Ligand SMILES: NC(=O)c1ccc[n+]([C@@H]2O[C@H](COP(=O)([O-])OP(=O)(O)OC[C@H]3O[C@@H](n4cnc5c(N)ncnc54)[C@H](O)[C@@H]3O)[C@@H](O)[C@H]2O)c1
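Below you will find one chain, with nothing else, as structure tokens; this is the form predicted alone, and questions on how it binds or moves follow later.
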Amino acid sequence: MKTFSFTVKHTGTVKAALGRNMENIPAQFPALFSGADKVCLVTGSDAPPSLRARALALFPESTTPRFYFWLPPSEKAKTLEAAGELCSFLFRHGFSRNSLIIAAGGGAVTDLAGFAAAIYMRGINWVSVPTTFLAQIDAGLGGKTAVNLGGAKNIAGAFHQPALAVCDTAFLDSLPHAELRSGAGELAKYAMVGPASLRRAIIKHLPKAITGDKTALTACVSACAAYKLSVVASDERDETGAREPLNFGHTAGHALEALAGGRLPHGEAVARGMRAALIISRDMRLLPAPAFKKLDALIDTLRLPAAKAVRRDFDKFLALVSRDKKARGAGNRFILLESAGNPVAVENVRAPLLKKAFEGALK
């Protein structure tokens, strides 16, 4: 098991643990767990038995009272109503400011449980245990907790860092190929916006990671988690701009998810959103054509299936990108690229170019 700490401006020290087949995390972090008067393990109602068994190996029952809360499957969990139900559950069972939430699941589970931890009694400790490839390299890290609202992604939320993030790559062993491909969408994002060393590591391991190779998956999780947490430490609340490049592909990606009614996996949506951003970057003459071709070819390696679930409604797409929380009051705001590792924020991209990017993302 590898452990590391990082310090964020508003939160103090946050710890992370990375490994395979880890056991008894409370014994490794006694200060966090010994002070908890109650513990609630939150996971999805569709979680397979293997996930629950691995979670119990990580957090064996002890003398501390343990409760279990099951969330609806996938993005259906990310509502204000579900967050309210979890908070009510905690209140009924006497959870206090000294209690602890453990969120074990994909990004929807960690988003929702982290949000509930942020608002219950104005904030209690929580542990993020991402169990999907996508969540271990991105969604389960960083302290951005949120629920969806009005058909838009992550509109109601709070910055609330987990006291501990635990990435056990044994959770990934049983993931189907589609889940690995979805996670690889975020992996490609890091290759495009991150430093050269991270890009080289991802390009080296990505082909085998998609096939489920354990060594490649562990290498990718280790590299991406360390990079994201280092970025978060310098810009927890997205105030300085250091964290904004991590949104690359997400403005268009979130809109495509909404147009698919939740039937387009997040990582695939981000990959298509990155393709849209690359098209805009090229046509605005920010990104030279040879660089565009090379980066677009990286998306090709993901072998994305046809986006049949996405409605070809450009007017709705235009409305969604303008309502995206990252727009910051502008008509729209995109993270684009001048070259690999050199992102730039651009506002008010014109509709004709957005239409070309929309159509290109869905090819």
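Since this is a predicted model, take the numbers as computed values, not measurements. Each residue number is its position in the shown sequence, starting from 1.
If you look for the form predicted together with the ligand, you will not find it shown, but the lines that follow are about it.
Interface residue among 79, 125, 74, 222 relative to the ligand in the predicted bound form, by the heavy atom within 4.5 Å criterion: 74. Using a 4.5 angstroms threshold between heavy atoms, residue 132 counts as touching the ligand in the predicted bound form. Residue contact with the ligand in the predicted bound form: residue 37 places no heavy atom within 4.5 Å of it. When contacts are judged by a 4.5 Å heavy atom cut-off, residue 160 does not count as touching the ligand in the predicted bound form.
Taking the partner from elsewhere, residue 281 is found to have every heavy atom lying beyond 4.5 Å of the ligand in the predicted bound form. The stretch from 178 to 186, 200 to 208, 288 to 296, 271 to 279 that comes within 4.5 Å of the ligand in the predicted bound form, counting heavy atoms only, is 178 to 186. For the candidate spot formed by 263, 301 and 333, no residue has a non-hydrogen atom within 4.5 angstroms of the ligand in the predicted bound form. In sequence order, 153, 154, 171 are the residues of 150 to 171 having a heavy atom within 4.5 Å of the ligand in the predicted bound form; the partner itself is omitted from this view.
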